[in-house]
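Here you'll find one protein chain in two forms, each presented separately as structure tokens under the names structure 1 and structure 2.
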Structure 1
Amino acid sequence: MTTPAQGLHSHVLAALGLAITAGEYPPGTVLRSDELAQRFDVSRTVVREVVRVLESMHLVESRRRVGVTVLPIAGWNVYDPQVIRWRLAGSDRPRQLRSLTVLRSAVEPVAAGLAAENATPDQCRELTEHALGMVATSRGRRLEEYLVHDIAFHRVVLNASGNEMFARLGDVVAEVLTGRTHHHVMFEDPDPAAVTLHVQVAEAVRERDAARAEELTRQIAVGALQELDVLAP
């Protein structure tokens, strides 16, 4: 259960995070803790806690007698799921979606090829279950249900690769897929060809066909980029 203090913390964190990532506070802007406390009607303790979180994301730097300085985007932890969520909620959404989708296109095909070599029987079963779940929820505007299976499918691929660096990108991919759905950068029903490709990837992984798994996943990535050209130009 969320306490009142936690609620205030979350509110201030979201407001500042969204404002910084949207460019409302350009790099170099100095924010004063006492002014923030007054603006949000919270204690300076809450402000300090929020600033610590923002510092951990490298969005700001706090220095005594200076204040809280907004840092350049080059230093931000752009892989932090919360930072991704904030950026997707702002005006920079099309560029952020494209940047993240290009990242996926570089990583996920290789991960799928490795998954075909390394996946356990349980992981193969999970892939098939989620691919079939995507098929079952791909019609009738059931995007939220489809999203659950889509995220789970890609997490399994990354985990089954056996590469811990790829596996850590699961949250990044989840934020991309969630952002596309919640910000309506998806067709009302998913592309049938993309859904079929997911089923075929599951089959290729199960059959230990690394080259086919990699190529099919590359086709998924290309299709995702093409959708962005239409929905988020």
Structure 2
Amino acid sequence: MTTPAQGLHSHVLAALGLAITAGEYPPGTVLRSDELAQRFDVSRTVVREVVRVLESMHLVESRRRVGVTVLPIAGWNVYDPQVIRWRLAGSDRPRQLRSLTVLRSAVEPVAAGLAAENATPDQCRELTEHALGMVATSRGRRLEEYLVHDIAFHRVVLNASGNEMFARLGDVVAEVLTGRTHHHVMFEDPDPAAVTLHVQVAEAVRERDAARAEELTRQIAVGALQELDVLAP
């Protein structure tokens, strides 16, 4: 689940990225690169590469004669899967989970509608398979197996939409679903209504009924949001 982290670079990047996104260094904090080099026991070269990456995510800004300044959250590249993973691992997981779920509730219904128009027969088949997989694993504390099908289902929908921006949200959805399963922001067994809805979405897509696919997916999203309201503080 975590990054392979082979190589000094990955290690330092993960450490710093996590620390910053966790709010360990509040915006405005300045870090000096050779101080960082010393702290992580790596050369300045490695630190510089890490800083450059963090800079491209707008987590920090490096200025001469000043140092590496942590930037305000408002500018962060919150769509970067790496950043998402760090934030979900950190302290503000609840907030993060909510805002991502709201994003899902906007995107996925439209994606499902498009999927109904564009899905290949193969994708329809996969969809049905995973929906049935969800049914099969929806009872008896089999959340891990259920999760696999759930993720796959939504990924296929997003891919089948034919829109690359939607398709790229597959990873985000995967992170959200994994996050809420592993942190018990979910009922012990999946909501049966949600399971049924997934099966119906697969049906609607297969029958090329875009409006129905969209509406059903919207209901799934509403349900997910409500579940979050109930279970998240």
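Note that the rigid core is defined as the largest set of C-alphas that superpose within 1.5 Å between two forms. Not measured: the values here are computed from a predicted model. Just so we're on the same page, residue numbers count up from 1 along structure 1's sequence.
Novice: Mind telling me which structure is the form predicted alone?
Specialist: Structure 1 is the matching one, since it is the form predicted alone.
Novice: Going by the rigid parts that rotate relative to each other between structure 1 and structure 2, point to the one of 150, 51, 179, 100 at the hinge.
Specialist: That leaves 100 as the hinge residue.
Novice: Smaller rigid part's rotation against the larger between structure 1 and structure 2, whole degrees?
Specialist: When the larger parts are aligned, the smaller part is off by a rotation of 14 degrees.
Novice: Could the core-superposed CA displacement of residue 36 between structure 1 and structure 2 be given in angstrom, to one decimal?
Specialist: For residue 36, the alpha-carbon shift amounts to 4.6 Å.
Novice: Report, to one decimal in Å, how far the Cα of residue 83 moves between structure 1 and structure 2 once the rigid core is superposed.
Specialist: With the rigid core fitted, the alpha carbon of residue 83 is displaced 2.3 Å between structure 1 and structure 2.
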